[in-house]
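Given as structure tokens, the chain that follows is alone and in the form predicted on its own.
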Amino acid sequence: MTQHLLSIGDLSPAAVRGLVDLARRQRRVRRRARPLAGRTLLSFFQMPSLRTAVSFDVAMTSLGGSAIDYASERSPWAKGKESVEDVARVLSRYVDVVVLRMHGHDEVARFAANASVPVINGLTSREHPAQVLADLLTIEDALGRLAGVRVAYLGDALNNVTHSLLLAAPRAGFDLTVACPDDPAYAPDPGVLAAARAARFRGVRRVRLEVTDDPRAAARGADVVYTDSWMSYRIDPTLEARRIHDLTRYRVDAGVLAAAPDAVFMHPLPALRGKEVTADVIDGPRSVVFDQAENRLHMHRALLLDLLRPGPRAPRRSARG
């Protein structure tokens, strides 16, 4: 694995497999050692968070480390008074790993390029890799496999979760059909889609990646039906009425699930019942959304263990002067 986790596109199939297996082992542990004792995690968040913030904090502290939550608006970086490069260099002197939750993916990449400690993408407008790695654990739990699984994603697909699912598919061997309006405002980023379609790995089955505007066709025969919020943090609230109008056809309801009679339902949360999904689906027997949420904790433990590689801590460089 690389020093950072910025994108699932940075991972090999073996790294993805290894993280899923490590997360499963972490879930089985009851009495924990303290392999990360003396290590500190900093969460630097520009946007609100429940699952990402709490699960990373619990993951770090349960492994013996400590966690600091830092709201970005308190930083000179957010006020344009300090460069991202300088912030990365300073924080690397204080902490052992940084989780960033920022609108701009490029800004997170710039931070990582200047950090000397591991950096984890805790969500950007482009990708949500830690979420989707945990989703792979959830899918394998529910279906017993990843290779050959058929996933249908419905709704707004210009979306960090959709992008990470697209990049995960050729690495884990599952097929993915995305159903969204035929409109650039809702379709996956063309660059991400092209990168996913171009990815080929020896020993991993060649996958099918499709985009359609027909939600029932996408769901037909799927093993997983997945959706996400129509009003993510990046969306201007004044667009809500227009987006509901455009996306209502893609709501996951009983009719959609009838086209996929053996499918489980997934959603990364938070969810708005009656908008992207109906209550009978998300609260029904085929929903695994709370398993998804729990698996975030186990995957985050796996990520921290993998990136920090417990052992003797390297000395920090001495300050000059």
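Worth saying up front: this structure is predicted, and the values here are computed from it rather than measured. Note that residue numbering follows the sequence shown and begins at 1.
As for the form predicted in complex with phosphoric acid mono(formamide)ester, it is not shown, yet the points below apply to it.
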| property | result |
| --- | --- |
| Phosphoric acid mono(formamide)ester in the model of the complex: contacted by all of 39, 62 and 310, heavy atom 4.5 Å | no |
| Contact stretch among 65-73, 283-291, 258-266, 42-50 - heavy atom within 4.5 Å of phosphoric acid mono(formamide)ester in the model of the complex | 42-50 |
| Heavy atom of residue 128 within 4.5 Å of phosphoric acid mono(formamide)ester in the model of the complex | yes |
| Residue 35 within 4.5 Å of phosphoric acid mono(formamide)ester in the model of the complex, heavy atoms | no |
| Phosphoric acid mono(formamide)ester contact at residue 171 in the model of the complex, heavy atom, 4.5 Å | no |
| 4.5 Å heavy atom contact, residue 270 to phosphoric acid mono(formamide)ester in the model of the complex | yes |
| In the model of the complex: members of 85-111 within 4.5 Å of phosphoric acid mono(formamide)ester, any heavy atom | 101 |
